[in-house]
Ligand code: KIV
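The form predicted alone is given below as one chain in structure tokens.
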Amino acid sequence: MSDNLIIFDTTLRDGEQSPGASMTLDEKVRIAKALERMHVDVIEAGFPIASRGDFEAVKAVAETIKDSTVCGLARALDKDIERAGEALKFANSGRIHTFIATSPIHMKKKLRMEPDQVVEQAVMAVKKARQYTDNVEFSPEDAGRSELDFLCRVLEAVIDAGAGTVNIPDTVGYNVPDQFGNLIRRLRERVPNSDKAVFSVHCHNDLGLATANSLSAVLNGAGQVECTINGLGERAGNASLEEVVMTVKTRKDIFPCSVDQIDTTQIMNCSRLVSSITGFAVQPNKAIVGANAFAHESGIHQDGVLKSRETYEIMRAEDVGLTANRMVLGKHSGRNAFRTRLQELGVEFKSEAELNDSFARFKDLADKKHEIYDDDLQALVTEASLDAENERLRLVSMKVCSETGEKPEATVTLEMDDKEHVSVENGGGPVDAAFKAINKVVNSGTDLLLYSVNNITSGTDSQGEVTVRVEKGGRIVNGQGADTDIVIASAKAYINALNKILAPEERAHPQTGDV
């Protein structure tokens, strides 16, 4: 029996560093519960020193999750490590992940420290973290561009200091598979005490090689892979959890380890949940979780699959949780059936008032849509949580007129700071007119960077899920909205984004927490 490959998920930390992908405390807990149901080994819940909100989120996840290890990130600084230790105080199983840069360019240009100082700081950080937990991970940031001899020196020192996991990050996605796998092999051979620590990897996808680099590292002795759901992460993202897991599961003939601990049937639910919460849609041809991942259009392929699935499918769709999963409920269904199905999806209501609000939304949707799917429910719960936070601006009503040969016109009634405003504007289309009418009231001064529409399920009565990305003064946020009417969904998404922009921002720049 081969050893299990440790799956370390950093969706809640590195994934959140995608511009506009910030998550609320409740959303982080929802995702953490979904990861726990998947039996992910380690959940990196955030960067506690970054803000009060990040601290509270890590603390909430640590107090909620019982079966997975909960990890907090900390720079190699006393204040960071103390904050992480405090956030993880009540974790059933906690880990502190501390890091410092080791590449020449980072040490010289960013840290302005000499190599000896970096080694001393790294050892200090590990020893400090050991005061809070025996489970300490150390990362030499930008290891992919660090000098091998110095990397060996640092790793030997931190392992001696008590780091049980040493993570090798390709921070800027610079490496290629043969090179990166060779680096892991050489480090394990040259570091004298390498047998006393698990070697981990954390690969970025700047060249589209994050998963390939991670798997090459596994073939060369890495025992842990750091990854994210849907490959979410800053810049081009991180290694995709679903790709790493399903590759090792599918190619048991190649890999010297297994992922038997992972419940892969939870992958699709996790993917859809993260997509719904962050507003980052999954591209249709995305491996494993894309809409086309198990679709066959070619006649030859269809014929082959009908005769024998294995002719063109190397995995079963059911293995990743891809099913119709239809909820046979309608407008006459009761609260108990509604609550029960959401509990099965991992959604717990904190109060009767929260249940009643979501149930009322469900009834409204059932009046518009004949069949309700699990994806509809995920979007509904996400929308309810979005409306509950920072609701300085609220859509009261909207009327849009669009006619051939005439310029579309939108009349929007908004409630802002408990006062109603009516605004009328024309635009190039109904959505443009609605956005202009909203912005006439708010005068936000934002730039619209992205407008994206995706259908949540199939059919002409499907809910449309709209994502908008706006920027103001260098601050970027995403907004989401869902409705069977695309124009209304668009207005909801735009208002959600504006509410975030209008809310105070206290979080430190997330890139200070990158490895």
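A residue's number is simply how far along the shown sequence it sits, counting from 1. Computed from a prediction, not measured in an experiment: that's the story for all the values here.
This next part talks about the form predicted together with the named molecule, which is not shown.
Contact annotation: residue 80 falls outside 4.5 Å of the named molecule in the predicted complex, judged by heavy atom distances.
The shortest heavy atom separation between residue 103 and the named molecule in the predicted complex exceeds 4.5 Å. In the predicted complex, residue 171 approaches the named molecule with a heavy atom inside 4.5 Å.
Contact check for residue 273: no non-hydrogen atom falls within 4.5 Å of the named molecule in the predicted complex.
For the three residues 13, 97 and 139, a heavy atom within 4.5 Å of the named molecule turns up in the predicted complex in every case. Proximity to the named molecule in the predicted complex, defined as a heavy atom within 4.5 Å, holds among 73, 244, 88, 434 only for 73.
With the partner omitted here, the residue from 278, 230, 213, 167 that has a non-hydrogen atom within 4.5 angstroms of the named molecule in the predicted complex is 167. Here the chain stands by itself, but in the predicted complex one stretch of 198-206, 149-157, 246-254, 415-423, 198-206, has heavy atoms within 4.5 Å of the named molecule.
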